[in-house]
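For reference, the chain that follows is the form predicted alone, supplied as C-alpha cells.
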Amino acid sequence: MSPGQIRFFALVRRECNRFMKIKRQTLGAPLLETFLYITVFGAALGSRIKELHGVEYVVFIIPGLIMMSWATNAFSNNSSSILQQKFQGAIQDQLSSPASPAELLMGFSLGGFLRGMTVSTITFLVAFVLVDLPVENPLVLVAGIFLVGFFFSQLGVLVGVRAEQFDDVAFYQTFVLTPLIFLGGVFYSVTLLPEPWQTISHFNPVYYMINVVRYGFIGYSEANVALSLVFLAVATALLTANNLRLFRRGYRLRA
C-alpha cells in the first residue's frame, strides 16, 4: 500500500471512529425514528390513504425515508466534523501535512458518506422487517442513492468550510435542508398538490432525488429518471470540484 493510500484510509478511519463513538445517536436514534415514521404514518395516514399510484401508502413513503436518512446524516456528519476541527485548529495541521487537498476532501467526504450509508441501511432493514418492500430496479437504486449520498456529503463539506460557528450549520440544516426534503415529496405524491405548489415543487432538486430512489424501489417516478440521474451526477461533480478548489486555497480553513 502506497503512502498516499495509507494517509487516505487513516483519514477515513478517523472519521468513522468519530461517529461510531456516539452509537446511540448514530444507530439508535435512526432505528427509533424509522420505527416511529412507519408505524405512525402507516397507522394514521395509511388507514385513510390506502394507496398512492397503485402502491400501498406506507411502502410509497419508505424510499423517501431511506433517502432522507442518508442525506441528513451525510450532511450533518461532514459539516459538524469540519467545523469542529476548525475550532480545534486540527484542520490546519492536516492542511500542512503530506496529505494532498484531494485526499483530505475525500477522507472527509467518505466519512459522512459511510455514516449515511450505515444509517440508511438500518432504515432499510427496519422497513424490510415491518413491510413488504420491493426492489424493482436495483441498478437505478444503487446509482441514485450513491449519488444522493455523495452529493449531500459534499454539501456538508461545503457548509462546514463556509460556517464560522455551529449556529451556521444548524441554520442550513433547519431552514434549508429539512424543508427541501420534506417538501420534495417524502410523505406524499406531488401530483396531489394544488397549483402553484405542484409547479413550485419541480424547482426543488430533492424532488428529483426522491423520485430516482422511489423508482429504484417501487418502479414509480413522477420525474424523468434518466434526466434526474444526469442532473444529480453533474451537480455532484460540480460541487466536488468546488470543494476541492476551496481545500487547495485553504479557504476559511487556515488561521
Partner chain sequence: MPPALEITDLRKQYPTGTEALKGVSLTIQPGEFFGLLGPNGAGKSTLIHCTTGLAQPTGGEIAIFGHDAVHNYRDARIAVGLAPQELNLDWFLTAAETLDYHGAYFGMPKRDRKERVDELLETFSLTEKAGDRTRTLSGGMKRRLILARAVMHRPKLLILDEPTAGVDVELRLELWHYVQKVNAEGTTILLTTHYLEEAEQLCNQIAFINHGEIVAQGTSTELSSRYGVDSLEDAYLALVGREELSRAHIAEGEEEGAA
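Since the structure is predicted, the reported quantities are computational estimates derived from the model, not experimental observations. Positions refer to the first chain, counted from 1.
As for the form predicted together with the partner chain, it is not shown, yet the points below apply to it.
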Exactly one stretch in 82 to 90, 149 to 157, 69 to 77, 129 to 137 has heavy atoms within 4.5 Å of the partner chain in the predicted bound form; which is it?
82 to 90
Even though the partner isn't displayed, in the predicted bound form is Q94 close enough to the partner chain, meaning a heavy atom within 4.5 Å?
yes
Just to confirm, A10 within 4.5 Å of the partner chain in the predicted bound form by heavy atoms?
yes
Heavy atom of R24 within 4.5 Å of the partner chain in the predicted bound form
no
At 4.5 Å between heavy atoms, is S100 in contact with the partner chain in the predicted bound form?
yes
